[in-house]
Structures are given as structure tokens and as C-alpha cells.
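In the form predicted alone, a lone chain appears below as C-alpha cells.
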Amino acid sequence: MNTDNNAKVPAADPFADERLKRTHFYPRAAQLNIRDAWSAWNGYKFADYYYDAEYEYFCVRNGCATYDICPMQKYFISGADAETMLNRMVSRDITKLNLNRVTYLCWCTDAGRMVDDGTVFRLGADKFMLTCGSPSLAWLRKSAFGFNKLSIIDMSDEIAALSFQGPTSCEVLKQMGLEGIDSLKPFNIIHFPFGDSGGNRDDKPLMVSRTGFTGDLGYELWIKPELALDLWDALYAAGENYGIQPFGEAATNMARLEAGFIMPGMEFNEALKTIHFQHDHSPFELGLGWLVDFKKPHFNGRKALLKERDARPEYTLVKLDIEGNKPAEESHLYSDKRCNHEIGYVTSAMWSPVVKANIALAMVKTKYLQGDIWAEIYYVKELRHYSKTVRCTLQDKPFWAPARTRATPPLAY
């Protein structure tokens, strides 16, 4: 039995489903999950897919779709020491984050190994919201040691969150009555009245951020739990003519790979969960050196990361365009076609319907990045097992990065 409650895996025993919590959107999501395909994430019952993963993926790429992110961890850090504490914990400079802005970042151990990645929302001069995939309350409390003017509150169960992605997402939000949503720029936040608060200008319980994990135009909607179902109903009513659909974890994994986004448990292991030496990862190994700001004051892992930057990491995460159409899932990588010298391994792979290419993310030994890279692929055809070795080409940019992701205002699809 898999006892990791944070992993997104199918329930392991017949009673596990009874022990899982229901998200704030579960009553509506359950009606649409006709395959009854569920996983677990942070103790919540969570949709792996609703009907078909590829169908849901195409809904994201061609229309609009919702992804329940209630299980995501959400922490409010506030007080006079909030900015200083966070700036000491994470590798990016929080002091540069303006009000109603969001930024992507990571935090490391003293050895420079990644504890987790996530986003920070600046909600006030001394108020922040940190979101991440795995529980980080214990790490936050350790990081807060010595800071007295500080409050850390776990709001994970107290905020309903829904990701809304796809090229028609802005049009649907406009239909829902969110005036000014088309002027919201990427990684910005805006607050709206909703429900009974409509007549009160000061009460704006709906927070919308232009963020997401699909590499497409999209938003994330944050609201108090008692308004969650009303929000779902209003969104689906507005999106009826746009073919709005829900999508699960499987489709999310396809979209994020095309965007070149990393996934814990696939591209990296969280440092506090690994057992074997160096089976965790550093930001430089994962191509996240741009998140490490050595110009700011001291932060966790600074000394180790500075040393690694100068020496270069042993492995580097790269994007690969692979010959053929057989996904290189769990493939080993070699410096020659005869597979005599192994130089790395694939972390995620797929045939991309939108890019029309065989793509992958892979960890490659840094000193071999200038040479040839070959993937040994195993596949099945009509119950027979085959293997082949194909050439890989390094890609510098995301596989999928349409202009609509950044356009403000977005085009009216």
C-alpha cells in the first residue's frame, strides 16, 4: 500500500476512498466524472481524468476547461517580518515583488537542494500567500525561527481554488461579468465582487490571478469555500456556449510537458523526501538558475548554490525533440547509437498533438550536452515488444508557447 498521502496515485485499498476529503467543488466535479477515475492529492479525492485524458487536453488547447486545485497548499504569511522571512527562505528576491503580483520561486535546504517550488502572491505590504504542491508548514515554521513579528496560517482547506485554462477562458470570464478581466496581465491579481457582495464595493471575495500550469492563456480563481459551488455554477453557465469542460491530472501533465514545466515526482524529488544521496535536485540541475538571486541578502542554500554555479551541476534538465513518434518514456540516454555510454535519462515524454513532435524532458550529464544524444526506446506493437535507438535534438525554448499566453488583452476567440 502506498502511504504517501501527497502523491497523486489511485486509492490503494477499498477503504481509502472513505478516508479522503472532498474538495469544495467535489459535488459538481463528481457529477461530471463519468469514468469515476480518481486519485489522491494531499488527502483529497482528486480527478485523474473525467472522460478521456486526450479529449480533456484538447479542451484546454482549443476551448476552455477547469482544473480543481483545492488540494494545493496555501499559506498566509503576514506581519512586519513577513517579507524578510520569506526573502531569507526562498532564492528569489521577494522585495522586488509588487502589490497584487505573483511570482514563481523555489526554496532549498542549506545544501542547496530543492525543498519545493511554488508561487508567492503579494496581497499587501506585509501580507503574502504561498502556494505549493506539498505540505510546507513545518518548513515555514523552521524558517520563521527568530522572527517575532510574523504570523503563518495554513489556509489550505479554507480557500477554494479553481484553475481555468484555454484560449476562450478570458471570453467566458467576461461573459460571467468580470469587468476588466481582459486588462489583467500575466502574473497579476485582481479582486471582484461575487454573490451577495455585489452591492458592497469593499467586499470582493473573488480573487483572480492570471496564472496556470498549462502554458496557455489561463487564470486561477480563489474564493471562500461557501461560495465555491456558486462560482462553479456561474462559470459553467457563462461557458456553456464555449464548450467548457473539466480536466484532470492526466491532461494537466500533457499540457505542462508541452510548456516545459517541471513536475515533482517526475523531474525532481523534494529534498526532504529522498533517502539516497543526491537523488534530490538543485535549481541549477533543473534549469532554474534564473530563480537564484545572489545579489540579495543571505538565503537558505546560498553558499552551496554559489559553489555549484561556479563548478556547474553534474546533471542538467533539458528539452528534447526526439526522432519518430514513439514516446521515450523512462528511456535511457546515450552518447552513441550503439548505447555503449549512458549519459542520462528521460523524466517525462509524450507525442505532442499540438506541436506534432515527439518531445521529452530529460536529465543529461552536463559535460555531454555538446555532443550527440541518443534515446533507447522500448515499445509494444500488437503484443510484441520492440526497441529502437533514435537521435535527440536539444531545444532551447518551450515546446509550446503561443502568443495568446502573454497577449493583453487576449484575442476574442
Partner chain sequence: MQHYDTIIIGAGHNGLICATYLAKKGQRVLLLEASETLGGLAATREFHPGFKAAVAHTVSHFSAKVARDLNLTAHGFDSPMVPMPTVGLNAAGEHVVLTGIGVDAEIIGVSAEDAASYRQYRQLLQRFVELLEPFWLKTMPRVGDTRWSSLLTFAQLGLKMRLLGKQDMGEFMRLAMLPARDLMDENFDSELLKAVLSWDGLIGSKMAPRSPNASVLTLLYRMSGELGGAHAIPSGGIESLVQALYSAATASGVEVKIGARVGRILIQGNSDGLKTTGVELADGEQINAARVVSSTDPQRTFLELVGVENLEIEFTNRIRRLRCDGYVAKLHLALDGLPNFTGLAKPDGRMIIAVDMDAIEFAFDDAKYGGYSQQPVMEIVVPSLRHESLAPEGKHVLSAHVMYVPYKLKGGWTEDARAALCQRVIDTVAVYAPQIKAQILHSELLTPQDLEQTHQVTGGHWHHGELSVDQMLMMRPTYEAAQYSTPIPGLYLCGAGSHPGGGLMGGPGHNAARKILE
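Numbering follows the first chain given and starts at 1. It should be emphasised that the depicted structure is a prediction, and the values quoted were computed from it without experimental measurement.
There is another form of this protein, the form predicted in complex with its partner chain, and it is not shown here; the text below is about that form.
Listed stretches are 254-262, 212-220, 142-150, 117-125; the contact stretch with its partner chain in the model of the complex is 142-150, by a heavy atom cutoff of 4.5 Å. This chain appears without its partner; in the model of the complex, the one residue of Asn269, Asn188, Thr109, Thr95 with a heavy atom within 4.5 Å of its partner chain is Thr109. Here is the short version: of Arg338, Arg312, His276, His298, the single residue with a heavy atom within 4.5 Å of its partner chain in the model of the complex is His298. The putative spot formed by Val60, Tyr236 and Asn241 is not touched by its partner chain in the model of the complex; no residue has a non-hydrogen atom within 4.5 angstroms of it.
Within this chain, Ala228 is remote from the site of its partner chain in the model of the complex, having no heavy atom within 4.5 Å.
Not displayed here, its partner chain is kept clear of Lys74 by more than 4.5 Å at the level of heavy atoms in the model of the complex. A residue is said to contact a partner when one of its heavy atoms sits within 4.5 Å of a partner heavy atom; Met89 meets this definition for its partner chain in the model of the complex. A residue is said to contact a partner when one of its heavy atoms sits within 4.5 Å of a partner heavy atom; Thr84 meets this definition for its partner chain in the model of the complex.
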